[in-house]
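Just one chain is shown here, as structure tokens, and it is the form predicted alone.
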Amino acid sequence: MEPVIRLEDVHKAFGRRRILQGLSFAVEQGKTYVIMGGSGSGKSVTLKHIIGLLKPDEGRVLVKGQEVPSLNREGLLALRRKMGFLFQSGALINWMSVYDNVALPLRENTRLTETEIRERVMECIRLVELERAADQFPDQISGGMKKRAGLARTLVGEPEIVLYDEPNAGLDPIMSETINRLILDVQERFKVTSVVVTHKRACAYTVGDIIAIFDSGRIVAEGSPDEMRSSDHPLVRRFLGGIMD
């Protein structure tokens, strides 16, 4: 079966700064691929290539069999409707309630009635356990709640692919564990294909089917959580060894 996401020998530079240097990997249907690495190793740049915000200087980026850089505007928008992106901050609109933030993609991109929208929105809000905060505004809720609201908004469009950019950033250990559990629940319940950028060991080991370590724009180690636990590669030990966080 063709992988849902495939990068082949991707190179990307900004001026003289080379970010991706021959990056290749594939993500199978329904699997979660975790990316770890140091600052500037190309993690977030990789996500931007998958969603089509950046084009490679060389190499191929394929999503659901389509060459992302070659898509016209309509084709790219159609592909993005099958994808969800959870930003580090949650990226909520401050003057909208949690409910209206989650409803926004449906109101902008579908012809669903308000009754149908409410049914789907409340299903997603219940999934992330935010029923009591549905009428609150972003400045009235915690950072962890903003992340959960962002996840609900990501899921309301029923994406086939979800990209997570540092889903645990700025969260305490208890809320980080909650987000990890939600990511796992989403994958198991909806069979989505996911790419997760994180620097948290607990997140990688909890949600990942495959974990990859990036360095200087390429993969230096890749494997299942069990394979990575037994690896003696120095960067694997650096990012995945020691106490879980």
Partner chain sequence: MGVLDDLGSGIRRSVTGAGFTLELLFCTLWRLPHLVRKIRFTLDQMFASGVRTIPVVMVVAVFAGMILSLQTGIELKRYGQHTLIGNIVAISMCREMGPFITALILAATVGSAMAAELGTMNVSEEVMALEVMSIDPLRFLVLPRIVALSLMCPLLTIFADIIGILGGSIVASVHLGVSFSFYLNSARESLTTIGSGLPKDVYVGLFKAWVFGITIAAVGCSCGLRAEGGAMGVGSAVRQAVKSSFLLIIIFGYVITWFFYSFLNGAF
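Computed from a prediction, not measured in an experiment: that's the story for all the values here. The term rigid core refers to the maximal set of C-alpha atoms that superpose within 1.5 Å between the two forms. Numbering follows the first chain given and starts at 1.
Note that the form predicted in complex with the partner chain isn't included here; everything after this is about it.
**Student:** Has each of V10, A26 and Y33 got a heavy atom lying within 4.5 angstroms of the partner chain in the model of the complex?
**Tutor:** No: none of V10, A26 and Y33 comes within 4.5 Å of the partner chain in the model of the complex.
**Student:** Select from the listed residues A169, M122, L71, L104 the one whose heavy atoms reach within 4.5 Å of the partner chain in the model of the complex.
**Tutor:** That would be L104.
**Student:** Could you tell me which one of R60, K64, K48, R181 places a heavy atom within 4.5 Å of the partner chain in the model of the complex?
**Tutor:** After the contact test, the surviving option is K48.
**Student:** Is E108 a contact residue for the partner chain in the model of the complex, using a 4.5 Å heavy atom cut-off?
**Tutor:** Residue-level check for E108: yes, a contact with the partner chain.
**Student:** Check whether N94 has any heavy atom within 4.5 Å of a heavy atom of the partner chain in the model of the complex, and answer yes or no.
**Tutor:** Residue-level check for N94: yes, a contact with the partner chain.
**Student:** Considering only heavy atoms, tell me if F137 and the partner chain come within 4.5 Å of each other in the model of the complex.
**Tutor:** No, F137 is distant from the partner.
**Student:** Contact with the partner chain in the model of the complex for R153, defined as at least one heavy atom pair within 4.5 Å: yes or no?
**Tutor:** Yes, contact at 4.5 Å.
**Student:** Among 141 to 149, 170 to 178, 128 to 136, 96 to 104, mark the stretch whose residues have heavy atoms within 4.5 Å of the partner chain in the model of the complex.
**Tutor:** It is the stretch 96 to 104.
**Student:** Once you overlay the rigid core, does the Cα of N168 travel 2 Å or further between the shown form and the other one?
**Tutor:** Moves: no, less than 2 Å.
**Student:** Is it true that R80 shifts between the shown form and the other one by 2 Å or more at the Cα, once the core is aligned?
**Tutor:** Not so; R80 is displaced by less than 2 Å.
**Student:** With both forms fit on the core, has E108 moved 2 Å or more by CA between the shown form and the other one?
**Tutor:** No, E108 moves less than 2 Å.
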